[in-house]
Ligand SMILES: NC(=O)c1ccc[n+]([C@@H]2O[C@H](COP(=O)([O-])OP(=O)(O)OC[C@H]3O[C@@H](n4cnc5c(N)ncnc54)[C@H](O)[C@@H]3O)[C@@H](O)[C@H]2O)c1
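Single chain ahead, by itself, as structure tokens, in the form predicted alone.
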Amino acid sequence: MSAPLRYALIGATGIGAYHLAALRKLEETGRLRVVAVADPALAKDEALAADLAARGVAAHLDYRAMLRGEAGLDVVVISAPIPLHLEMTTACLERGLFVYLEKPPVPLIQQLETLLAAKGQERVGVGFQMINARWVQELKAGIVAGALGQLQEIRIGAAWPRLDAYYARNSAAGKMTLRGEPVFDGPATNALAHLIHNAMYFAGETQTGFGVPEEVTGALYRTRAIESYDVASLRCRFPSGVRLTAALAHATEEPFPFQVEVRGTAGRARVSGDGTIFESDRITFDSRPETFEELVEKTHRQFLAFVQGAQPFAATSLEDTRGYLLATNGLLLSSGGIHPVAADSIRTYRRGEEGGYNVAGLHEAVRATVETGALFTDLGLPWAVETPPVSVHDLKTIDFASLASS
């Protein structure tokens, strides 16, 4: 048996804790060993620092010091704030390493173009873990096999309420920029980004292919006193004629577990309840609910197989995220910035020590998007803003600075 691959993890707290747990499970197979961790939080997290020391894992406060000081690394897992993804991935590729990059890969299409032009970019896998969920794979297989006939429409809706602590979780939360670097934090570009990425996957014509939209229409809204947005309404049109409509929000009091509906000329399929309820007379789902922890571990297993040459590609390559970046960047372009929701449509509420924001009619509008394929403007919401469609066919860059300040 060959020597275990030498792994390093950038970011071991927050979401990084899930990655560390998954890697420790994989250590038991003897195929990898976590040899180093970099996280500035180690300066205060005495328990984690002591645990790493007991396991013989080198602890660093700065990822650059780790890359300089740790010889013989094979793989680096990046679970760091979004505005650091580009520089960290570039630094790892310059050292010839494989990179597992937590989603989203980068905020802007021009940053993706930069990474795609980098030497060794094919060694990067992006951690859109939901792509490996059983239901996603079963639904995609049914679409490709023609079980629904010719694909016509994809609809997505989700309302995941977020309270004050969510926006205090780190310095990038709710921001458009941080120290001059793009962040673009919000439901469609962070917490619910998986759903947009999955829609690109469903729109792809082959089992492993991803669709790329050619036109995007939509609007971004804010209810809180934040730079970025917490409500999104989106429509994409693909060259095939397939249409995606999505409504994603954090500004509701009542949750709306995600629903994904796919429609074709011969039938439809719906997955709801955050992947626990399956409805279709054309596709058979044998799925059981999978936890986030299970999906993180599954995606790391898949990436490990890719690094070892047992699988020809990562579940999501950098190129596979082009559709996601065009959809979200096109959404910002169409929106022309972030639109405030009228104050008389907003109500605050409390959950213990924390507060949340609820927009009147938003929960129902998210449901209606899935039921009808309508944008918020189509539904007549008084605060919804009409925006123009924008072509993203050859989009390589956007003027983010201007849009972020709008």
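We number the residues from 1 along the sequence you see. On a predicted model such as this, the values are computed, not experimentally measured, just so you know.
One more form of this protein should be noted, the form predicted together with the ligand, which is absent from this view; the next part is about it.
Although the partner is absent here, V392 sits far enough away that none of its heavy atoms falls within 4.5 Å of the ligand in the predicted bound form. None of the heavy atoms of H250 is located within 4.5 Å of the ligand in the predicted bound form. Contact check for M88: a heavy atom falls within 4.5 Å of the ligand in the predicted bound form. Put simply, P40 is close to the ligand in the predicted bound form: some heavy atom of it is within 4.5 Å. Residue heavy atoms within 4.5 Å of the ligand in the predicted bound form occur in exactly one stretch of 302-310, 234-242, 124-132, 262-270, and that stretch is 124-132.
Taken together, A80, P104 and F292 are fully in contact with the ligand in the predicted bound form: each brings a heavy atom within 4.5 Å. Checked against the ligand in the predicted bound form, the residues N170, Q137, T208, Q152 give one hit for a heavy atom within 4.5 Å, which is N170. For the residues I277, A118, A141, L84, the 4.5 Å heavy atom test against the ligand in the predicted bound form is passed only by L84. Within 4.5 angstroms of the ligand in the predicted bound form, the stretch 159-195 places a non-hydrogen atom from each of N170, N190, H194, taken in sequence order.
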